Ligand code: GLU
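Shown below, as structure tokens, is a lone chain in the form predicted alone; questions about how it binds or moves come after it.
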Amino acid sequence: MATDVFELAKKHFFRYAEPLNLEKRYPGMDIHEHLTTPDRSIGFRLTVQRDDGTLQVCQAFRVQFNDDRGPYKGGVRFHPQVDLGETKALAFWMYLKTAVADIPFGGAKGGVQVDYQSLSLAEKERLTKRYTLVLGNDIGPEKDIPAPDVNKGELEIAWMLDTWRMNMGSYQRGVVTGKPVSLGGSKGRREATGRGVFYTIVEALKDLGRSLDDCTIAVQGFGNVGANAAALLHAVGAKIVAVSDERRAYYNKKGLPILDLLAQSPGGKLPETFANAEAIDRDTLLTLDVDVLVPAALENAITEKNAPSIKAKLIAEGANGPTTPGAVEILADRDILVIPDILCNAGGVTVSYFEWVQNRQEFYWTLHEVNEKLKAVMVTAYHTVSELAHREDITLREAAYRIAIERVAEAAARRGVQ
């Protein structure tokens, strides 16, 4: 299934690129092929020694999709469903995302096909360091900058920094982002993606003539993105009525006590029981009668099957690729406002850029400075997209894609053809 994700991603691209007439504007450049073909796809066998002395072989990947606007940038995920097709799609979305946010990076993504949660701490360290060692010459602060993604956090990023430093003989903190603050990480990076989702929801509700203090919200996915978005929304008066993770979902029409739920959900895993809510089916969450739906889990959550039943007035795509092309059409026909993933969840890569800048200067910003700069980027990006959408009478998704494609195509053309 995951292999099809890249083909779905390209369908979005070709549909939204068509009105731009790129082949006529950039004749002889085969520009569509340039923008939909990865610069480089790296696949390799990764062998890790288990604690009992046995060896486990995993498939590992790094896709460097496009660097027309800056060095490759993108996370690394450890998950059983990771494959090359999914990794290509995520790298593809990343270069579009950095273009929408107008930050000087390209797009990349990495992954290892492994049941990461079944590994011991020592096995996780060996796997992460081996992955970094194999890719040592392919990543770097001027070349390709990895970051956290699914099942990776500050701990793994610190291991990657240490491995690259030992292998390359150079202490360059900017080789990775999402590091612990004690190793040169940026304040606010951990919450950045969820905070970016929060900022775009606030702006989108203004377009709808609504405010957060009278909104009901359902959040699918209670990991880093969903949990932080829920906490921020709750703090300003929004009513979070439902949340889910990969195993279960909870609902309370009067609003969930989010702080209590967060305290009982280490690592983004909801507790087996929760006294202040009723357990519901995970899929039911997507079709609840709420004002705002935040899909913040994995790809393809909203499909042609469930899109006709969605009741939310606003969807904020905290995850990458949570909506299939067919579902996109259905939601558009139903006039449901959707903040697309390449805009909505760009907060993480934006603060990764801030971290990289701070590392290059070895001068670090306060949390307030980081959050204010992030807000400025996200609000500007949202309004740039929203204004084009209103002017051309198109969806936010089409507007975001047009802006991103225009920016990258121009950069590619100006670089020349060789």
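The numbering used is simple: start at 1 and walk along the sequence shown. Quick caveat: nothing in here was measured; it's all calculated off a predicted structure.
Not on display, but discussed next: the form predicted in complex with glutamic acid (GLU).
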_So glutamic acid (GLU) isn't shown here. In the predicted complex, which residue out of 290, 147, 82, 160 has a non-hydrogen atom within 4.5 Å of it?_
147
*Residue among 370, 349, 60, 381 with a heavy atom within 4.5 Å of glutamic acid (GLU) in the predicted complex*: 349
*If you check in the predicted complex, is residue 322 within 4.5 Å of glutamic acid (GLU), heavy atoms only?*
no
*Can you check whether residue 94 is within 4.5 Å of glutamic acid (GLU) in the predicted complex, heavy atom basis?*
yes
*asked:* Although the partner isn't part of this model, could you tell me whether residue 74 comes within 4.5 Å of glutamic acid (GLU) in the predicted complex, counting any heavy atom of the residue?
replied: yes
*Please run the contact check for residue 177 against glutamic acid (GLU) in the predicted complex: heavy atoms, 4.5 angstroms, yes or no?*
yes
*So which stretch, 304 to 312, 326 to 334, 147 to 155, 164 to 172, is the one near glutamic acid (GLU) in the predicted complex (non-hydrogen atoms, 4.5 Å)?*
147 to 155
*Residues of 284 to 311 having any heavy atom within 4.5 Å of glutamic acid (GLU) in the predicted complex, listed in sequence order*: none
